[in-house]
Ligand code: NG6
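Read the single chain below, which is given as structure tokens and is the form predicted on its own.
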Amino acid sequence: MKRIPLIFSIASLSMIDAVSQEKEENLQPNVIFIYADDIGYGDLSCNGSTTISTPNVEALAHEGVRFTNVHSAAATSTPSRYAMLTGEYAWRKEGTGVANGDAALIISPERYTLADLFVDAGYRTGVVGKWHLGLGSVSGEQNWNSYLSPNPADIGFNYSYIMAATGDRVPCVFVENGRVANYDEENPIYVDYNKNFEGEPTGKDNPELLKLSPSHGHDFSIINGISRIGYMKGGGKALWRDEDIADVLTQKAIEFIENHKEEPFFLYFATQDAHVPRVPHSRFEGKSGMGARGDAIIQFDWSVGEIVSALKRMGLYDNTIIVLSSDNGPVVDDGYKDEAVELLGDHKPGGEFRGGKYSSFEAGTRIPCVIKWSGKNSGKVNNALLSQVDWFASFASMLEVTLPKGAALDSENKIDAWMGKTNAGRKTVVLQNAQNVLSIVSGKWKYISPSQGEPFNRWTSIETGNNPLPQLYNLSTDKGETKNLASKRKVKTTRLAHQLEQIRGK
């Protein structure tokens, strides 16, 4: 038998190791967006909160980059999600405000989306969780008992398991790949946002049937002992059980990962937990000491831990980029008597920032953000000014995908900042409150446009930031936006107002 010289064998093994290492390094990373709902900058312990513990998010922050100056594109859900998936500020397109449960699909199927980008890069794509971007072609005319088209498949998602809108809006069913999941033929679904169905109880007329009462609004159809926004009839076994929403969505996300573990995948995992109605599973009841909202945040952290555990079990963790953030700032009382206000204690959901969900002030859009890619960006804190709208162009750059002309109009390639390689972020970012009042941040300065809207939302006890006078704040010395410098710094105010108008006319 012919012997191979030892030196050749060692060289061959070294070559094989080198090739294997190079192959491993060239593997496309999986990408998971974990998109929280209504969780504020101060709601997570990685950002310094001592009143609540979110250890799974903390672990991601320790292994990745924790960002201190990242903004959602808007202070409410639908426009933030629209901007993230299109790379375009939502205020540029009419009809992108907070969507009803029976809204038509807001993103046109002809539109090139973030999901399309990943498809073009060779990824399998999926969305699991809260959608809130509409379904079907005409608002209010969906047939919930048939195939709903267009749906996420028409804008780049190979798989979808979604809530049509939010937990407080009908229909209270999950939709899987365009059809109601667990559809019950004996209980067809009817939805109407204008009038009730004969004989159907409502929170307004039948409060005795409620297990969770509304504090304002939310007094239409009753599902699972909770009244919602909008009217609904039917559903049967397809109706979700609020206590199980996090379990169901987390399991569906893990199933998607399992089904595509042999190929690169992009998963948009949009949780519901902190959004009303907050009905955490009994496993989390009382864990926070802050009532249902605090318990829901702990439940969110559990979901994060489950995703991480699944990735590690499948050997995917090190080659998966996890992007964790929130769609807008926090709100405590958003329509239900769940003791969120009474049990808040010393907890500050917006951290050191003013305002909250719906607001032009910083807590409306400055949200928690962590990005983890094992061995690539560990243990850093980044203060760069960044926007979720930039994920589009940044991942296009990383994956070497050339975007079609006109795609991602407002997105900027900041991949080096997202990976923690630089603190150089955007020069400016434009933000939008619930009344579509625009503001602009440029370096340490923030300018809020004059508006005639109410300065205070009496339902949520949140300052909107609306003011008939221009506002200018120095965020480096006044994070709480307490000193309006517009009258003292007129040149800076005029310059930023003009810059905002230029961007608006782009």
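Throughout, we count residues from 1 along the sequence that is shown. What you see is a predicted model; the values in this text were computed from it and never measured.
There is another form of the same protein, the form predicted together with this ligand; it is not shown, and what comes next is about it.
Remark: Asp301 does not count among the residues lining this ligand in the predicted complex, judged by a heavy atom distance of 4.5 Å or less. At a distance threshold of 4.5 angstroms between non-hydrogen atoms, Glu481 is out of contact with this ligand in the predicted complex.
Residue contact check for Val98: one or more of its heavy atoms lie within 4.5 Å of this ligand in the predicted complex. This ligand is not shown here, but in the predicted complex it comes within 4.5 Å of a heavy atom of Ile229.
Of the candidate stretches 424 to 432, 153 to 161, 310 to 318, 273 to 281, only 273 to 281 contains residues with a heavy atom within 4.5 Å of this ligand in the predicted complex. Here the marked residues His71, Lys372 and Asp390 all miss this ligand in the predicted complex; none has a heavy atom within 4.5 angstroms. Of the residues given (Gly289, Gly217, Pro201, Gly140), Gly217 alone sits with a heavy atom within 4.5 Å of this ligand in the predicted complex. Tyr358 is the sole member of Phe256, Tyr358, Trp131, Tyr123 with a non-hydrogen atom within 4.5 Å of this ligand in the predicted complex.
In the predicted complex, the residues of 156 to 191 lying within 4.5 Å of this ligand by at least one heavy atom are, in order, Thr166, Asp168, Arg169.
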